[in-house]
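Just so you know, structure 1 and structure 2 below are the same protein chain in two forms, each on its own as structure tokens.
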Structure 1
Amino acid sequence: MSENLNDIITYTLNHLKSRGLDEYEVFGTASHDNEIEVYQQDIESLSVSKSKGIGIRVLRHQSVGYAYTSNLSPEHILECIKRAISNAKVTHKDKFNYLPVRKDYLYQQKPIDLELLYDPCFYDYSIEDKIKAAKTLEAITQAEDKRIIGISNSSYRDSAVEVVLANSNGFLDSYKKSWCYLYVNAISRQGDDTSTGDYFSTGKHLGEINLEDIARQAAKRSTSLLGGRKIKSVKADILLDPLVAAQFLNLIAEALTADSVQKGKSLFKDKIGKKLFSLDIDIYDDGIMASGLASAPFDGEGVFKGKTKVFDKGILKTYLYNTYTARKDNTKSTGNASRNSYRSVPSVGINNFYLEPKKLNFSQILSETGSGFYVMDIIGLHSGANAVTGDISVGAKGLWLEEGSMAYPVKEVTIATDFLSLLKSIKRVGNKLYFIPSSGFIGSPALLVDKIMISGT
């Protein structure tokens, strides 16, 4: 058996043809992954892995069977086919169970330059280079400021992956992707007060990463919060740092997947066509964004990705669909079938999801804020924010603002509101996007929010 993934999938398809199935699909990936953590210049953990495998999805009488294997010998592939067919005999029938065809696609082309997804320079850097980068990041972050007393985490992750998907409806396509991620969390101390601050950067290979910028930003975010005061409870404007705003936006994105809505787990149920922002805010889920970590020509079931306008001038226009959830709502797939590897069946996921920036730079927003709370970090977002009820109650720290300037650090406060009120209360939007890697690649500019309850002492 050839080790070429295309040859393996063609072999598997040929053996599926004679099994009397209604439809079938083979999804294969071959990946090279590295994970490194350093602590005090020693390697705390190191993981280097190469994996290759296929997942086989078969449909018979509207029942789905799935099985996967990383052993790609002919006998194991045939055994995997048998298991998938056997599994289809015990799963429930569903009239929406069938593979996508062109009429299910919202986007009929794949307008993405594949060279933007993958850079062969990924392999120019050895594991020693990557360890050195994590160690260097740790060292230069600590050297940024004498108040930095330690680094709790300096880490590097990357992946290069080839994806091939083929099905009995004639779809056969492939692409390659590469990405890397460097992160550091700095601990600073002044007197009895201790603070932390983190930062990160992403790229298609190590050469695209600016270590000095990560170190500088992490040190600044850590030391700027030293001497934080407790404040009395107050209702005030809050200015969300772009990285904080992106974390809130991630929860909003997850609640906009059709699967969440159809299962009654989303506050956005029955909100299509309604204006949920006071401002004319546009939000996109862009699966073909040139610099997006979540970009690809097609999704986890072979549907072309595109740029979906989820909010248009503050009005919710659509949910995010794979083929199955789209059929349930009698609409088309937005190319949001997500698949982490050959081990998983498609679910609904998020691509590059972002809130469109406007014209104000950060200094202009600061000056318009006057008095308020600049939120630089939030604690307990996933436990303190409920995407079903919309309630938000999260810990926060940052800087108090007076007359548009940073006045003093603030700690141990809680922001209490709900998502729909938060969206309605956004009154200014910054001009620069910052992205965080999360369940998708989530981006937001700074957001100024009108009069939110801040609970202190």
Structure 2
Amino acid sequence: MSENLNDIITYTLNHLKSRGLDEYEVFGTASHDNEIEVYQQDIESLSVSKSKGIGIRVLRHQSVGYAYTSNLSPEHILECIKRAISNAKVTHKDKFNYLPVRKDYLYQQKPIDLELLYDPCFYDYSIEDKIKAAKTLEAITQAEDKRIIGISNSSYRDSAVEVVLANSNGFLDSYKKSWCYLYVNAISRQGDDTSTGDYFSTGKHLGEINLEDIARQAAKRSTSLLGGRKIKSVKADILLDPLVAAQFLNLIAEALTADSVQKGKSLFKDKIGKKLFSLDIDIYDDGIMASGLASAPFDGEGVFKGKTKVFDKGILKTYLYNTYTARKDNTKSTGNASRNSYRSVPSVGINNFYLEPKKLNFSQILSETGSGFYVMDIIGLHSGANAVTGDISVGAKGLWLEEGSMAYPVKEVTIATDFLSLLKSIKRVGNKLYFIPSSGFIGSPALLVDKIMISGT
């Protein structure tokens, strides 16, 4: 078998032809990954990998079956086809089960400049450059502040991936993507108190990364929380750091997928056309954003990715759809069929999802806050926030604010509310977007939230 992904996919398509199937689809990826971790100015670990695999989706009598393999010998591909077909015998029959049709794929030109996804520059950086970047990041973070006693993790990761998708309706297309990620976590100590703080940055290649900025942010986040104390339980205004706000926004995005709405698992069910924010807030899911880590020309089923306005002036306009859920609601796919890898069935997912910033810069928003709790980090989001019931109760640390300036650090408290109240309570929005890589690429400015329960002693 050829090493070439296109050849492997062609081979697989040819063998799917004669199996009496209604439709079929093959999705393949080939990737190169590097991961470097340094510790005390030496390489702690360096990992280089090459990975390849295909996922086969078949439809027969309106039932779907799926199988994947990383073993790409001809006999294993045939075994994989066989399993996909036998899996289609056990799943339910559904009239909306068919692949996107030709008109769903038709676009005049590439919706996104492919060079925005993949920069050939990526290969200009040697492994030595990448090691040096991680070492430099460790050293300059450590040097930021005397109270930093160690760096628990300074690492570089990157990936270059080729994605190929083909189906029995004649779709065949591919694209390449590259990204890199630098991360540092600083441990600081003062007296008996230990504190940690981390920061990261992403880009298409190493040249896009500003190491000084990562070091400064991580050091600040670590040291500014030293000497943190519990406070008495109180209801107060909270200012969400953009990176914290983005984590909440991620859960909101997940609850906006048509799949969770149709299954009655979303608090946004029956809320289309309703004003859910008090402010005129706009939220977008953008699959073709120039600097977006989640950008691609087509989604996991080959449908054109576009830009969807999910909230317009605080009013919920639409859910996020793949082909199947769109047919069920008698609408069009928004290009949100997502595939984490060839190992998973396409589902409804998030692209670059962000809350449109407004005018206030950070110091303005601080003075608007007056006294309250500036939340710099939250923990326990996945166990403490339930997008089905809407409950939120998470651990938080940050700084107590008095008259718009930092009074003292706070730790070991929780903040509790529910999603719909949280949306309603947002009263100020910052002017600068920060993105986090998560189930999509999620961006938010700083958000000032009215009166929330803080639990301490």
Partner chain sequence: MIEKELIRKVLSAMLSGGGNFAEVYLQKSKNNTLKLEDSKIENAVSGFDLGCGLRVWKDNRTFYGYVNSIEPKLLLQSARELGRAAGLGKNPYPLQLSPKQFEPLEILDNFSLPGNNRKKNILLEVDEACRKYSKNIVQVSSYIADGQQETYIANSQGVFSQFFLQKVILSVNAIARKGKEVRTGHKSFAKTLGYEMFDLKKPKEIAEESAAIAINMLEARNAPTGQMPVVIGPAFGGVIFHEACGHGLEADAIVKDASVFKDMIGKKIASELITAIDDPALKGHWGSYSFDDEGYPAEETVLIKDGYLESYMNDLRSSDKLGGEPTGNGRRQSYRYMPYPRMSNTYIANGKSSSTEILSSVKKGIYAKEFAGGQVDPATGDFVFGISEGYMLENGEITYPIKGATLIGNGPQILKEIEMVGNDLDFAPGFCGKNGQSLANEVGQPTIKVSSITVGGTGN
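The term rigid core refers to the most C-alpha atoms you can superpose between the two forms while keeping them within 1.5 Å. Residue 1 is the first residue of structure 1, and the numbers go on in sequence order from there. Everything numeric in this text was worked out from a predicted model, so none of it was measured.
Each of the two structures shows the same chain on its own, and it is structure 1 that derives from the form predicted alone.
In a rigid-core overlay of the protein, Tyr24 has its C-alpha displaced by at least 2 Å between structures 1 and 2. Annotation for Asp192: C-alpha shift under 2 angstroms between structures 1 and 2, rigid core superposed.
A displacement of less than 2 angstroms separates the C-alpha positions of Thr308 between structures 1 and 2, with the rigid core held in common. CA movement of Ala166 between structures 1 and 2 equals 2.5 Å, with the two forms superposed on the rigid core.
On core superposition, Tyr11 has its C-alpha offset by 4.8 angstrom between structures 1 and 2.
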